[in-house]
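Starting off, we have a lone chain in the form predicted on its own, written out as structure tokens.
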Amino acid sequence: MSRMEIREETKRRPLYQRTAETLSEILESVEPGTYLPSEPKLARSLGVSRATLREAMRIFERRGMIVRRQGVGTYVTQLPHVIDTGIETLESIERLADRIGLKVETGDLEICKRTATEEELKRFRWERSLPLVEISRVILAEGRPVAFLIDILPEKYVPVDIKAGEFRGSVLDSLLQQDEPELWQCLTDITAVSASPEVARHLKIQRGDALLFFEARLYSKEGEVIEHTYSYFLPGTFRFHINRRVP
């Protein structure tokens, strides 16, 4: 994408989202406990209306990054833990969080059985009669929603603990603990998306807010798609990077 295309894409985003990006830089530059300028003064400095500023501030208020008190003002809280990791190795959020001492738990959880859609039949070559299990869940960190995950896999590969109603929060970790099938590779597409109404509801954000999105296909050594995953991550909690070789 050219610089001109990037600028045009930026202009098309809602004003409150662009304001939130600027506000994020301000929050990162001040110490916890610092009070922000009054809303009228801050709105003027950002060149937006107070209504737009409030809409942008709600994003950080829901993430626990600022606290607004009537008649007192808005102050910056301690920044939440950041899961900073490379993506060369496939690991669950639970394992990544445990590495930095961050407590995560499962929030909203839904497990349902269904058959493959036409798109899934084409992409993954699953049989039309193959029963699937879809597991959707919210990941909470320090009590706040930080990710929404959807795992879809053939029922025959659903880990025993999940079948027994003892879901522990990580489909991937449960799959890795099984002897069969033998897992081989995970192909992942990474992009930025706007939150749909459903995803926004689960993450307690506004529809259209920017999210980091992973779509992954986990393969067995026989080349079969064992799991198809949609992962939506809140910016500010996750920072992914990759070490690339110079040819």
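Each residue number is its position in the shown sequence, starting from 1. From a predicted model like this one, the values you see are computed outputs, not experimental measurements. The term rigid core refers to the most C-alpha atoms you can superpose between the two forms while keeping them within 1.5 Å.
Below, we turn to the form predicted together with a further copy of the same chain, even though it does not appear here.
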- Task: Considering only heavy atoms, tell me if residue 232 and a further copy of the same chain come within 4.5 Å of each other in the predicted complex.
- Result: no
- Query: Going by a heavy atom distance of 4.5 Å, is residue 189 a contact of a further copy of the same chain in the predicted complex?
  - Reply: yes
- Message: in the predicted complex, does residue 185 come within 4.5 Å of a further copy of the same chain, counting heavy atoms only?
- Response: yes
- Decide whether residue 129 counts as a contact residue for a further copy of the same chain in the predicted complex under a heavy atom distance cut-off of 4.5 Å. no
- Item | Large Cα shift (2 Å or above) at residue 64 between this form and the one not shown, core-fitted | yes
- Query: Comparing between this form and the one not shown on the rigid core: C-alpha of residue 52 shifted by 2 Å or more?
  - Reply: yes
- Would the C-alpha of residue 224 be classed as shifted by 2 Å or more between this form and the one not shown after rigid-core alignment? no
- Comparison of CA distance in the predicted complex with shown form for residue 65, residue 91, at least 3 Å: closer
